[in-house]
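Presented as structure tokens, the chain that follows is alone, the form predicted on its own.
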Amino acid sequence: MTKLIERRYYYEMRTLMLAVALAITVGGARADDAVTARSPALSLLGKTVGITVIGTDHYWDLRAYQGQVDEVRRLGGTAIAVDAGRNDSRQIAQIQTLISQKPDAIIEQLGTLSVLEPWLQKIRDAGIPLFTVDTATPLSLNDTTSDNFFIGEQLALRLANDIGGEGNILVFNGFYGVPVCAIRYDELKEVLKFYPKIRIIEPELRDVIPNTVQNAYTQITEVLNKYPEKGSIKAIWAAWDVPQVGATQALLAAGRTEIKTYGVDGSPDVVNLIKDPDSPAAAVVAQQPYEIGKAAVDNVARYLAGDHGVPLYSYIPAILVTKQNAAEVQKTLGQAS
């Protein structure tokens, strides 16, 4: 019990610190702007940066990608940006092409690490500085991301407390090979050690790409038929928010809005669902993907300017969105219409 109290205290302190950091970020200046202001102006003039992303069909992916492309151009550089369309083989081919073009640096965004690592090694072997976005690997000089350890714990604690610390939950676990998803899932399991009355229904659900929303809708509908009694399922957890959309739609269609859904990313449509008082969507941790992409490019610029003290990880603040704060967070994140 002492460990649980310590984790809650840590959670509360981290929430306070990240809320302050987020307020600084969206208030007009990022948390590291004070340092930047004392440093020479960032520039990529005359530099070429390769950008490889596994896909841009999801809001988070597209915004992070746009942040990179826009920042390279803003700093006077040339971006060679390629989108693999959710195809591992295509991304590998695109990485090979980027290596042959010998850019001054390459930024890689997301993907299955076990597939990517041999090709990330080839980038390093070619003498090209490698930076990543949401891909934790020792081959990267810097990974710009959210603090997914905290995100996973924060979301899990919210879910556990919302359901009163007991009951059956459904978990989507289809992308454990993606490091950020693995971290969030592991943090969920770690938190649930302190809530022994919460049980994950087996087998766990597998989210897929493409057709994520439709697939999640179908899977949840099938499970609801197996558990028709209200109270037999308390919540649904996903490592990102696209399956949360499908799950929420299935609950609404079945009239099972007593079951709450939880996810990560904070796409505008999901934040809208959270804001709706009649929706079973209970919480999502909203990231700032555009700022993540922008910060990754800033790290590249610093490194190419001779600053080899760029940290291994750069964390951009995220915020837990609930029905109580959804409207305000929409304004904060620039999602309000």
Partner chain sequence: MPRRRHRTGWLRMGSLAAFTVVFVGFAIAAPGFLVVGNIANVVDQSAILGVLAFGMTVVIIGGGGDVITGGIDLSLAGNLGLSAAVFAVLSQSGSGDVLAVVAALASGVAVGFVNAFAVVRLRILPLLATLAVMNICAGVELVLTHNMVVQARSSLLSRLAGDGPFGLPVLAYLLLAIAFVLVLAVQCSPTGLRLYAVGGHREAARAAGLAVERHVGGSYLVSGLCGGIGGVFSAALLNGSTPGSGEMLLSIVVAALLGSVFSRRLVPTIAGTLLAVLFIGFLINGFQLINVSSYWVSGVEGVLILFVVGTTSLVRREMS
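This structure is a prediction, so every number in the text was calculated from the model and none was measured. Positions refer to the first chain, counted from 1.
This next part talks about the form predicted in complex with the partner chain, which is not shown.
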query: Heavy atom within 4.5 Å of the partner chain in the predicted bound form - residue from V208, L252, I200, A126; finding: V208
query: Answer option from L224, V171, I92, I163, heavy atom within 4.5 Å of the partner chain in the predicted bound form; finding: I92
query: Proximity of D83 to the partner chain in the predicted bound form, heavy atoms at 4.5 Å; finding: yes
query: In the predicted bound form, K122 touching the partner chain (heavy atom, 4.5 Å); finding: yes
query: Contact of L98 with the partner chain in the predicted bound form (heavy atom, 4.5 Å); finding: yes
query: T112, heavy atom within 4.5 angstroms of the partner chain in the predicted bound form; finding: yes
query: T56, N87 and E117 all contacting the partner chain in the predicted bound form, non-hydrogen atom within 4.5 Å; finding: yes
query: Contact segment among 231 to 239, 172 to 180, 127 to 135, 189 to 197, judged by heavy atoms lying within 4.5 Å of the partner chain in the predicted bound form; finding: 172 to 180
